[in-house]
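In structure tokens, one chain follows: the form predicted on its own.
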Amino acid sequence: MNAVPLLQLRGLSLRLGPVWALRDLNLRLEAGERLALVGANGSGKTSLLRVLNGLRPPSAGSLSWRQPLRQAMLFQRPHLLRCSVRHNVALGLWLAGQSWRQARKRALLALERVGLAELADRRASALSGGQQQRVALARAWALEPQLLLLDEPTASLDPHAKREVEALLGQISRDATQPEPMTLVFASHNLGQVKRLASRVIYLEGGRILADLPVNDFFNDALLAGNYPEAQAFVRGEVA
């Protein structure tokens, strides 16, 4: 284990109006981990992702990360601009300091990575939902993030598009051509997807972490043997 984790939460809590969305979270994340966040709707998964991405400051406790840390986030529904597919990818690179020529070149490479190079000059709004999510993934990959955060990235897609995006996530997270392994933190209700992509699983309920286990243990004997009744109920499909 490295002396300095990629990121660490100590007693972190988040209050949204009268509700405590997150409560006293302690979490250490190492580079290269693939962490799945599971739990019922309203358990705190999206709130935790937004705190990790800096979109919401914690109300209490602390969040620290290795400096500098490049990160990107994918949402359940991709947020694309009303311009070409290539410009959607290139703009983030240009804002990060690349020349427009360099950004366009890197954007095309990223689109090739997700199998959309031939659609580079098409308007992003004309693409299917699965293609739009692949554009969003290309936009994130182009920035070479050390940490990629994903909030139910395949939930709104049809089965074929889900398989395509999930396969790309698996390839990108294990891409040996990148300077260092990418770390994934993703929320998902799809337990099959969690089994295929995650190396570690956290079960959240009421904004608290009730289980934190390696993926094989979460779906096997350790969950049954341990004191994790809420997580067991979720895995059995008794919690929506």
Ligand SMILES: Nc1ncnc2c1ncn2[C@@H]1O[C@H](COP(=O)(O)OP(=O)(O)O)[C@@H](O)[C@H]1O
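Numbers follow the displayed sequence, beginning with 1. Note that this is a predicted model, so its numbers are computed, not measured.
Only in words, not in the display: the form predicted in complex with the ligand, which the text now covers.
Asker: Though the ligand is not shown, can you say which of Ser47, Asn190, Ser173, Ser199 has a heavy atom within 4.5 Å of it in the predicted bound form?
Answerer: Only one listed residue qualifies here, and that residue is Ser47.
Asker: Go through 39 to 47, 190 to 198, 210 to 218, 61 to 69 and give me the stretch that gets within 4.5 Å of the ligand in the predicted bound form, heavy atoms only.
Answerer: Within 4.5 Å of the partner lies stretch 39 to 47.
Asker: Would Ala21 show up as a contact with the ligand in the predicted bound form if we use heavy atoms at 4.5 Å?
Answerer: Ala21 belongs to the contact set for the ligand.
Asker: Let me know which residues along 52 to 80 have a heavy atom within 4.5 Å of the ligand in the predicted bound form, or say none if there are none.
Answerer: Residue within 4.5 Å: Arg56 only.
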